[in-house]
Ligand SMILES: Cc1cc2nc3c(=O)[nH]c(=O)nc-3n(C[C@H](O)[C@H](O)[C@H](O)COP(=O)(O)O)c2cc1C
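One chain follows as structure tokens, the form predicted alone.
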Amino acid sequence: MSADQVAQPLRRAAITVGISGGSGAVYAVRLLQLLPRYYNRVNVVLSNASRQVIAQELAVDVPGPGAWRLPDASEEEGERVVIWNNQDYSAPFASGSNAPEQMVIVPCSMSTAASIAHGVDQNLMHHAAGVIIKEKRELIIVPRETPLSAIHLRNLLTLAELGVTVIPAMPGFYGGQSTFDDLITFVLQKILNHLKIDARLARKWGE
């Protein structure tokens, strides 16, 4: 075994990434550029609104169902990121018998949070999140909204009480963050930490 092979991280089987229509598309795209290094398959499901937000905020056109090769991704990494139609309930992660261990919804709009919190299954993203919750797997949501109404807060509390990890897109400044990229990296590092991925994007506090 070569030194390069030894250096490669051991990839996990699969993860599901949901992208809803909240602002903050950069978090989703940057995360999708990282995850193929750690998973053999990254299943992606997008709301219709999220496609509009990604085009508006990042000038990126998201392809239809199939492989999605993101900017700066290798051909192999591009094959690992697979988009599913948001109404395609034949997706493997739609069933509890084949539920992935982890799912991230980034960004998570307040309507998406409400639907999941109350079991209102309107599309594959909601359904997949419900599967993760009932199978007691790991669901992480990254809400990005301000201000938060009492309705929003109650829905987020409901999800937290169900075991969902809520990581708001609230970057910190205590580590000397001074650029746009620093602020994005702060949130991404929080997500990777909770996915238990040993990746260092930024210095830890005290280093």
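Just count from 1 along the sequence shown to find any residue number. The shown structure was predicted, so the numbers you read here are calculated from the model rather than taken from an experiment.
Not pictured, yet referred to below: the form predicted in complex with the ligand.
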Which listed residue (Arg37, Arg41, Arg30, Arg144) meets the criterion of a heavy atom within 4.5 Å of the ligand in the predicted bound form? Arg144
Using the partner position in the predicted bound form, report whether Ser109 sits within 4.5 Å of the ligand, counting heavy atoms only. yes
Proximity of Asn155 to the ligand in the predicted bound form, heavy atoms at 4.5 Å: no
Using heavy atoms and a 4.5 Å limit, would one call Gly22 a contact residue for the ligand in the predicted bound form? yes
Closest heavy atom of Ser178 to the ligand in the predicted bound form, within 4.5 Å or not? no
Tell me which of 63-71, 178-186, 22-30, 156-164 has residues with heavy atoms within 4.5 angstroms of the ligand in the predicted bound form? 22-30
Indicate whether the candidate residues Ala49, Val53 and Gln56 are all in contact with the ligand in the predicted bound form, with contact defined as any heavy atom within 4.5 Å. yes
